[in-house]
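Presented below, as structure tokens, is a lone chain in the form predicted on its own.
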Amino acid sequence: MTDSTTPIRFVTGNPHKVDEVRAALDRPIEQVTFDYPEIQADTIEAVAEAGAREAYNHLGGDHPLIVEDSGLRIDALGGFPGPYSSYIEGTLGIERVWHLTEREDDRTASFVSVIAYIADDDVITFTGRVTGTIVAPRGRAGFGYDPIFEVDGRTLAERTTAEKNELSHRGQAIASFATWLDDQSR
């Protein structure tokens, strides 16, 4: 474990994710863009952990770092697309994902975010989850699966950014990581 003045590297190309982590943590966060190879695995946790190890080794292992991976899990489809969410969105699109589920009696789904933290070659993961229902696309805000993911009667694409962040799966994972990090420095 490093002290609270040692920067944590966040391996991502998304500066908005970095801002979210900086707002939650009381220590320096350094954005690092490194396109690590993403393994194919059955769990989001495995993908995040492998990404953290790959980035840590590539960057020399001299600073702790985090990576974040997320996905949509649809219960009626056995958790699919899960760790394949980005690929499925890009190849099938959200309309087809909706059509895969529209005749299902149970369209319960969850967005899952996993933060993998690595320091001294040890990886620890932190998970956030928000549960909702898959519906026909509605709304113009957000991105990705937001138009087909409904929580409490509204899709994420029908919410403002602030409303979406209040129930964010990534926000939950970050909060869990922040709590752990605070406990480690005591």
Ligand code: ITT
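Take the two forms, find the largest set of C-alpha atoms that superpose within 1.5 Å, and that set is the rigid core. When you see a residue number, it is the position in the sequence shown, counting from 1. Fair warning: this is a prediction, and the values are worked out from it, not measured in the lab.
The form predicted in complex with the named molecule is left out here; the points below concern that form.
Subject >> Listed range touching the named molecule, judged in the model of the complex by heavy atoms within 4.5 Å, from 117 to 125, 36 to 44, 49 to 57, 132 to 140 >> reply: Result of the contact check: 36 to 44.
**OP:** Spell it out for me: taking the named molecule in the model of the complex, does every residue among 68, 86 and 169 have a heavy atom no farther than 4.5 Å from it?
**Re:** The answer is yes; 68, 86 and 169 each reach the named molecule.
**OP:** Examine residue 61 and determine whether its closest non-hydrogen atom to the named molecule in the model of the complex is within 4.5 angstroms.
**Re:** So residue 61 does not count as contacting the named molecule.
Subject >> Proximity of residue 176 to the named molecule in the model of the complex, heavy atoms at 4.5 Å >> reply: No, residue 176 is distant from the partner.
Original post:
With the partner left out of view, is residue 9 within 4.5 angstroms of the named molecule in the model of the complex by any non-hydrogen atom?
Top reply: No.
Original post:
Does residue 146 make contact with the named molecule in the model of the complex, using a 4.5 Å heavy atom cut-off?
Top reply: Looking in the model of the complex, residue contacts with the named molecule include residue 146, since a heavy atom lies within 4.5 Å.
Original post:
Who in 21 to 35 is close to the named molecule in the model of the complex, meaning a heavy atom within 4.5 Å?
Top reply: Residues within 4.5 Å: none in this stretch.
**OP:** Determine whether the C-alpha of residue 161 shifts by 2 Å or more between this form and the one not shown once the rigid core is superposed.
**Re:** Yes; residue 161 is a residue whose C-alpha shifts (by 2 Å or more) between this form and the one not shown when the cores are overlaid.
Original post:
Honestly, after the rigid core fit, is residue 128 moving at least 2 Å at Cα between this form and the one not shown?
Top reply: For residue 128, whose C-alpha is compared between this form and the one not shown after core superposition, the shift is less than 2 Å.
Original post:
Core-aligned, is the CA shift for residue 59 between this form and the one not shown 2 angstroms or more?
Top reply: The answer is no, as the C-alpha of residue 59 shifts between this form and the one not shown by less than 2 Å after core alignment.
Original post:
Where do residue 150 and residue 17 end up in the model of the complex, Cα atoms closer or farther than shown, with a change of 3 Å or more?
Top reply: Closer together, which means the C-alphas of residue 150 and residue 17 are at least 3 Å nearer in the model of the complex.
**OP:** Can you tell whether residue 87 sits closer to or farther from residue 43 in the model of the complex than it does here, judged by CA atoms, where the change is 3 Å or more?
**Re:** It is farther: the C-alpha separation of residue 87 and residue 43 rises by at least 3 Å in the model of the complex.
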